[in-house]
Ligand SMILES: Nc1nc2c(ncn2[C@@H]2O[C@H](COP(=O)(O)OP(=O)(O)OP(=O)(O)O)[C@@H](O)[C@H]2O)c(=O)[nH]1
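One chain is shown next in structure tokens, namely the form predicted on its own.
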């Protein structure tokens, strides 16, 4: 099964709660009237698209009706598909290192799949011919270090670790030195699963960020926030708080296959301006892939 097929299968629950309901709405109305628009608005909200994004889409729909882009309920499906694709299209290219290793810092709360994400990212980059080094910066849990060791062995990546309870910034410092000395292509730094309400832990994230930046100007080149799609709108709140603590450059959205709340992808991009860089639609090694707006829109609406 190719990744598009996995994506389409993974979005099945969201499609049933969103696209199929849109189609039922279209069948139920002969023309677009106020009642139709009210039902559409309610449908968008229940798909976890969020209030601000729903308001934007409804405004677009009304404008489409006004300028005759939408003339009947049947025109709504392709219109919404195109608008969602446009919202999700990432304009900015990936930041890159001028010289030396590309440094990625991975942040997020406990339980979202951070360690697994790092393992799958390592696999992806190794498959693309890169030399990868992973830093076990979550020193609060011995299990986190052990899990990364297992992933490093599975993917053939190198690992820098300290003992449980060590200073995470010291792990990051040693990892940066090792990455430069060993001439690796990519350094991926894990961090402890943060309770986003704990300001002292957020300060520690800032410290790690500063340590990395002192050793490699401009690093970390990417700070990826891992979010669990099944939490829906709570993921938006997490993203806002992490954005205040560190310069989040993009989102990894995991567990899309386990939720009907896939509309949160649109809300993250529209409300926060944060691009979704990676999506996970399964537990397999290859089930985490770079996000493509066109493929997501096609899969969400069950096309291709």
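Only a predicted model underlies this, so the values are computations on that prediction, with no experimental measurement involved. Numbering follows the first chain given and starts at 1. Rigid core: the largest C-alpha set superposing within 1.5 Å between the two forms.
Beyond the structure shown, there is the form predicted together with this ligand, which is absent from this document and is the topic of what follows.
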Distance check, residue 110 to this ligand in the predicted complex, heavy atom within 4.5 Å:
yes
Please determine whether residue 255 contacts this ligand in the predicted complex, using a 4.5 Å cut-off between heavy atoms.
yes
With a 4.5 Å heavy atom cut-off, would you call residue 221 a contact of this ligand in the predicted complex?
no
Residue contact check: residue 141 to this ligand in the predicted complex, 4.5 Å heavy atom:
yes
So which of 82, 233, 116, 90 gets a non-hydrogen atom within 4.5 Å of this ligand in the predicted complex?
116
Position in contact with this ligand when the complex is considered in the predicted complex, options 186, 209, 161, 120, heavy atoms within 4.5 Å:
120
Non-hydrogen atom within 4.5 Å of this ligand in the predicted complex for each of 102, 243 and 275:
no
Looking at 33-41, 49-57, 259-267, 275-283, which stretch has residues with any non-hydrogen atom within 4.5 Å of this ligand in the predicted complex?
275-283
Is residue 249 one of the residues whose Cα moves 2 Å or more between this form and the one not shown, with the core superposed?
no
